[in-house]
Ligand SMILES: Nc1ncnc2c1ncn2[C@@H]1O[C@H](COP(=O)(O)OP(=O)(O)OP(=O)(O)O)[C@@H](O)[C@H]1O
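Before any questions on binding or motion, here is one chain by itself as structure tokens, the form predicted on its own.
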């Protein structure tokens, strides 16, 4: 058994990978754990301990621990005497994304605190770029603009929001659409901001802005690699309002977005499937 741990800036995910075969061949993801903590060591050891205790795993059953993510650089040596190796985060996302998609030659957009976009192939995993816009942007702006910065609270507010109160649409400034964009397309995020805008409207405006940026960047990446599909992974992959924004982008740009099962664990899965360097 191999334990893969993704130590993020806010959340740590861990998975157990079992089965035989090199790399991803013959491997299965059996257990998944998610924890939060203030520092990398506490987060990693907490996720590992939770995995062991809740699933009755014996330490002797664990062949190695593979760690990745922003916090992995803060860990030194082996965890609990078990061989522990670090995996480059971009490589982990690529390997995990291909495993979950069941194919190679894919564009992966990983939405976490920020966003990374990756071209993943069996013989080459390339970081195409990304953006500092992501889940951290939503929570950061919420701290100053909304009565709550808790993600559940932000989503509850946004679910009752009206984008017409905050975003400037093409129909607000011209009689017809432009190019392939209709009158409902966004001309400027927060470019309208009426005095009557409520917290609910601002919350929806924040989420819409973040996912529009992510979606359009993903479209450009997909087109640069002559594909019409993008795999969405990371914590931000399961945001229902974000998915709605990406669906609207599909309608405009004709690039499809796919959401693998347990997409939030993609990086941890990729770490667990990675072979240790010799």
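Predicted model, so just to flag it, every value in this text is computed and none were measured. Positions refer to the first chain, counted from 1.
The form predicted in complex with the named molecule exists for this protein as well; it is not shown, and the discussion that follows is about that form.
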Where does the named molecule sit in the predicted bound form: which of 158 to 166, 72 to 80, 188 to 196, 129 to 137, heavy atoms within 4.5 Å? 129 to 137
239, 212, 45, 250: which sits within 4.5 Å of the named molecule in the predicted bound form by any heavy atom? 239
Thinking of 9, 111 and 235 as the candidate spot, does the named molecule come within 4.5 Å of a heavy atom on all of them in the predicted bound form? yes
Whether residue 201 contacts the named molecule in the predicted bound form should be assessed with a 4.5 Å heavy atom distance threshold; does it? no
Does the 4.5 Å heavy atom contact test between residue 151 and the named molecule in the predicted bound form come out positive? yes
